[in-house]
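Take a look at the structure tokens below, where one protein chain is shown in two forms, each on its own, as structure 1 and structure 2.
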Structure 1
Amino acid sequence: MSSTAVLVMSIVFWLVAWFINTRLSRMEPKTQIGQTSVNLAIPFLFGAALIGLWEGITVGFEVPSVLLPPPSMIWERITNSIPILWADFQQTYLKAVLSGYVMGCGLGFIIAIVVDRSPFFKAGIMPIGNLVSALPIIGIAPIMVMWFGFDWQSKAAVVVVMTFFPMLVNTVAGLAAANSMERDLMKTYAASYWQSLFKLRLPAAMPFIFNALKINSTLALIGAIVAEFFGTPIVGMGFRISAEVGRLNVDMVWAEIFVAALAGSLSYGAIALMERSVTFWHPSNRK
């Protein structure tokens, strides 16, 4: 197939997808299933059209693959180098991100519960926590690499620090979410501190906690990948990206980004699903 034909086809596909989407968005299906499938089909078609257009433009105008490789080439690279991608994924995601994420979020959560008992500490830590959340924490990566060495431990340390503060701030805010009426009710039941914590305040804090978990799932991946720019053993997603950029193997970089995007979206989706089953009572989840 000539390159012009690919370009024309992709544009036609894009126009058709656009037309269908306009129609779909005007439809108002009566049933629940119809509603969901329309809401899924529209962004899916949009994404497909975008990828089609990308393919068409890169092939049609013969954009050098160093600049922007066509999706088909990236896909071929992904299927050809699964062992490398899997090793990088293991190193960066399974080792550094997951351990750092669990430690950082867990620590933030525990400290928040401790701090919450003393209004004085709470008043002192909250402004600092809010400030630190806005800081470029990623900059501690070189320090952590110096302290904990080149392997995944240093990346996990960066992730711990990055995820700690959003969790702390959100949990403290969440623990204040239960209103005084509900707290009074717990008191009239003669509930102890721990009983009212577990039965009232923690469940009420869950939307906030899940918010932090969602923010952190992206932050953790970013932290681990960027920390790898400062030194790694010769495996890992960040290492691969910076090494292959240097060799101008841009399709490999995109393959690595695809894996990162997939991991990021899937973990975000998993947390969102968990949130829905834990905070089923929240107004935003009610039908």
Structure 2
Amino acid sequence: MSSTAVLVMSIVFWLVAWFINTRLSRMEPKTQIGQTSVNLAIPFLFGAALIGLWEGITVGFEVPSVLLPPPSMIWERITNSIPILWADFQQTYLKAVLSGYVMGCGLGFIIAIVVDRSPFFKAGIMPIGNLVSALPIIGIAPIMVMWFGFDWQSKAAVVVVMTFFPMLVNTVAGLAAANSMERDLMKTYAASYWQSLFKLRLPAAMPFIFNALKINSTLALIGAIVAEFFGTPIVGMGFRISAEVGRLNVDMVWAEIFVAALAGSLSYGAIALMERSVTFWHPSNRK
């Protein structure tokens, strides 16, 4: 098939998908299954049309693969490099990201509970938290590599630093979300601090906590990948991206980007589904 034909077909597919999505967005299904199907179909069609247009432009205008490879070339690289991509995924995501994410979010949550009981700590640690959260990754990563070595432990340490303070700040803000009337009601029931915490203040803080968890799910992956640029064994997403860019193997770079985007999207989606089940009472989740 000629490059012109590919370009024309991609434009036609884009227009058809756009027309269908416009119709779908105006539909009002009466059942939950129908609404869920529409909500899934719209982003799927939009993504497919975007990929088709990408393919048509890169092939039709003969864009050099070094600048932007077509999706078909990236997919071929993915299918031919599954063992390498899986090893990089294990090193970066399963080891560094998950361990750092759990430690950073868990520690931020625990410290937030401690800080909430002490106005002195709250006044002292919150400005420091805002300061540290603004530190650039490229400044933290080399220090962590020197402290913890070149393996995944140093990348997990970077993830801990990046996820700790968003969780701390959001949890402290969430614990203050319960209004004075609700707190006074708990006092009239002679509720202790811990009873008030677990039965009122933590449930009220859950939207804030899940907001931090969703933000950290993407920050953790970005932090681990960037940290691998400053020293790592010969495996990992960040190492592979850095090495393959130097060899001008841009299709492999995009393959790693695809894996990272897929992992980050699935993590975010899993947390969002968990949030809907836990905070079903919140106005944002009501029908």
Partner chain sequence: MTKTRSALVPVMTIISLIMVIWYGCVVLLNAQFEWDQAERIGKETSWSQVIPATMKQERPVLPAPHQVGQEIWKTTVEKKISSKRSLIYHASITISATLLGFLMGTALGILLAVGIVHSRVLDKSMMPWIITSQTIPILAIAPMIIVVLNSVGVTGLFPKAVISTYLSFFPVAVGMVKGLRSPEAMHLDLMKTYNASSAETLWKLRLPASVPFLFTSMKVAIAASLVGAIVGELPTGAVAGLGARLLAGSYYGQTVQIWSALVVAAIVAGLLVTFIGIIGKRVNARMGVKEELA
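We call the rigid core whatever largest set of C-alpha positions still superposes within 1.5 Å between the two forms. Start at 1 and count along the sequence of structure 1; that gives the residue numbers used here. Since the structure is predicted, the reported quantities are computational estimates derived from the model, not experimental observations.
| task | Quick one: identify the form predicted alone, either 1 or 2. | result | If we ask which form is the one predicted alone, the answer is structure 2.
| query | Where is the hinge among 86, 66, 176, 31, given that one rigid part rotates against another between the two structures? | reply | The hinge between the moving rigid parts is marked by 66.
| query | Quick one: degrees of rotation for the smaller rigid part between the two structures, relative to the bigger part? | reply | The answer is a rotation of 7 degrees for the smaller part.
| query | Rigid-core fit: what Cα movement does residue 42 have between the two structures, in Å to one decimal? | reply | Comparing between the two structures after core fitting, residue 42 shifts 2.8 Å at its C-alpha.
| request: Report, in Å with one decimal, the C-alpha displacement of residue 27 between the two structures after core superposition. | output: For residue 27, the C-alpha ends up 4.0 Å from its position in the other form.
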